[in-house]
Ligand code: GLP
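Below you'll find only one chain, the form predicted alone, shown as structure tokens.
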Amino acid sequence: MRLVIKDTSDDVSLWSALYVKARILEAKPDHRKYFVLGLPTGGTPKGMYLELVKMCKAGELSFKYVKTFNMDEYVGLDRDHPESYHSFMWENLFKHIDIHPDNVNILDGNAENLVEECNGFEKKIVEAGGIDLFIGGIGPDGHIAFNEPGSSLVSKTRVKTLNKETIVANSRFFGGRECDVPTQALTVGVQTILDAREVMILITGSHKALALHYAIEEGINHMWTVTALQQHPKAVFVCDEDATLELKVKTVKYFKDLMTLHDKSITPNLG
């Protein structure tokens, strides 16, 4: 596990975008072998998406041979609803880059058979060759995607009933009306994320500090599902200073001393 500590959330956005760029360029994807990205929604990755759009428009990066799989989607929310994750991804990333729409995979929360939709999503991931880099964020309670406290750490893509805390937190996107927030979602499982060849988690803000503490300094615990990533052979957490408030001083110093090494990973090795 690696922990990259940057000064601000903007620095997190840039560093993570450079990391994505480096991995895609190293892979040299083409029509025979696509690079496969797992992607999140939410406020934390918005800055990263903005940086990736800039890189694409500047000709520094292409998504022509990239396939994407999104983490989750609400059940029962029309795909064109402004708060659907489908709308979020197109507004913040896909419509601004050169990705082909056929290479975008987002769960359909209005599918006739939700279980089949989830099973089919897992099958598509396998058919794509597995996910090369899965990017995610976490909630203040340490949940990743919609794998809330108590979720199985070997779970795959499935239908998930959202807890009260998540509904209250997400009500800010629905004009503060909890009654308008969907009570179910389709989400990749913890194991789906662990199956990726690399995982990068973005964490910003003091309200995520306790979750980062559990992720880095405590043991694996299904009540803090992000802790499962301690088992991953190639996981990197990227955080700002505010998110480190609950970490031990010696933990912060240890990882900051490794920043020279970490920064080498955002320079592509083109062989």
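Worth saying up front: this structure is predicted, and the values here are computed from it rather than measured. Don't overthink the numbering: it's just position in the shown sequence, from 1.
Not pictured, yet referred to below: the form predicted in complex with the ligand.
Novice: Just one stretch in 117-125, 131-139, 150-158, 102-110 has heavy atoms within 4.5 Å of the ligand in the predicted bound form, so which one is it?
Specialist: Result for this chain: 131-139.
Novice: Out of Ser87, Thr166, Gln184, Gln191, which one falls within 4.5 Å of the ligand in the predicted bound form, going by heavy atoms?
Specialist: Of the candidates Ser87, Thr166, Gln184, Gln191, Thr166 is the one lying within 4.5 Å of the ligand in the predicted bound form.
Novice: With heavy atoms only and a cut-off of 4.5 Å, decide whether Asn92 touches the ligand in the predicted bound form.
Specialist: Contact check for Asn92: no, nothing within 4.5 Å of the ligand in the predicted bound form.
Novice: Can Arg177 be called a contact residue for the ligand in the predicted bound form at 4.5 Å between heavy atoms?
Specialist: No, no contact at 4.5 Å.
Novice: Given that the ligand is not shown alongside this chain, does Thr41 nevertheless sit within 4.5 Å of it in the predicted bound form, heavy atom to heavy atom?
Specialist: It does: once the ligand is placed as it appears in the predicted bound form, Thr41 has a heavy atom within 4.5 Å of it.
Novice: Does Ser171 reach the ligand in the predicted bound form, with heavy atoms at most 4.5 Å apart?
Specialist: Looking in the predicted bound form, residue contacts with the ligand do not include Ser171, since no heavy atom lies within 4.5 Å.
Novice: For the stretch 69-84, I need every residue with any heavy atom inside 4.5 Å of the ligand in the predicted bound form, listed N to C.
Specialist: Residues within 4.5 Å: Met71, Asp72.
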